[in-house]
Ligand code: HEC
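Take a look at this one chain, the form predicted on its own, written out in structure tokens.
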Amino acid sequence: MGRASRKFVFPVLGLLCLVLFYSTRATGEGSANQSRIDHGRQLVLTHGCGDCHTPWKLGANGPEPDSSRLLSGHPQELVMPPAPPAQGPWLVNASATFTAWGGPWGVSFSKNLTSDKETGLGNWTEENFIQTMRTGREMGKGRMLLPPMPWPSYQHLTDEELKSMYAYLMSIPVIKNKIPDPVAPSAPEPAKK
């Protein structure tokens, strides 16, 4: 190999080594992030998040989750009438979509868990999400989460599990879907004399 060839080969080899180093490093980071997202997906599926946060529809075999609205919460176009009053041992009512719930707390609507910045979790940080699950308060300091949200059981998940759930929620398709505000419980009827 001639002297001119060596001058060319060594810088090219050095550049190739740098490219391989950084691409391997980026791939490692990417696969670690994908692993976290995959773990988060498993946790979201096994902890029943979609049971209330994905609207249900009537399918060929009866009620089924509407996968086109994955984790988007109560459908904004579905305006609910007042919830029926609780009677006897039946203290809770649910909409056919399983996204609106009535009970002694009033009426609650399942939140949009997609990363839409206006109507979902898009402005939430990982820390906001973790604090919400730990405290039962929106963004860790806002209003209390309402039934049927099972945050008392979610508060026992590890930080790593909650970070994985958050990573998965930030990775799913964005759906713009504004959820109604909760409805306070009706005042009790005055007792008749």
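One-based numbering along the sequence shown. As the structure is a prediction and not an experimental result, all values here were calculated from the model.
Just so you know, the form predicted in complex with the ligand exists too; it's not on screen, but the next bit is about it.
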*So, in the predicted complex, is F129 in contact with the ligand at a 4.5 angstroms heavy atom limit?*
yes
*Consider T97 of the chain shown here, and say whether it contacts the ligand in the predicted complex, taking contact as heavy atoms within 4.5 Å.*
no
*asked:* Can you work out whether P148 and the ligand are in contact in the predicted complex, taking contact to mean some heavy atom pair no more than 4.5 Å apart?
replied: yes
*asked:* Using a 4.5 angstroms cut-off on non-hydrogen atoms, would R36 count as touching the ligand in the predicted complex?
replied: no
*Among the candidates P152, P63, G30, G142, the residue which, in the predicted complex, approaches the ligand to within 4.5 Å (heavy atoms)*: G142
*Counting only heavy atoms and a 4.5 Å cut-off, does the ligand in the predicted complex sit next to every one of C49, H53 and W124?*
yes
*Heavy atom within 4.5 Å of the ligand in the predicted complex: which residues of 84 to 122 qualify?*
W101, S108, F109, S110, K111, L113, L121
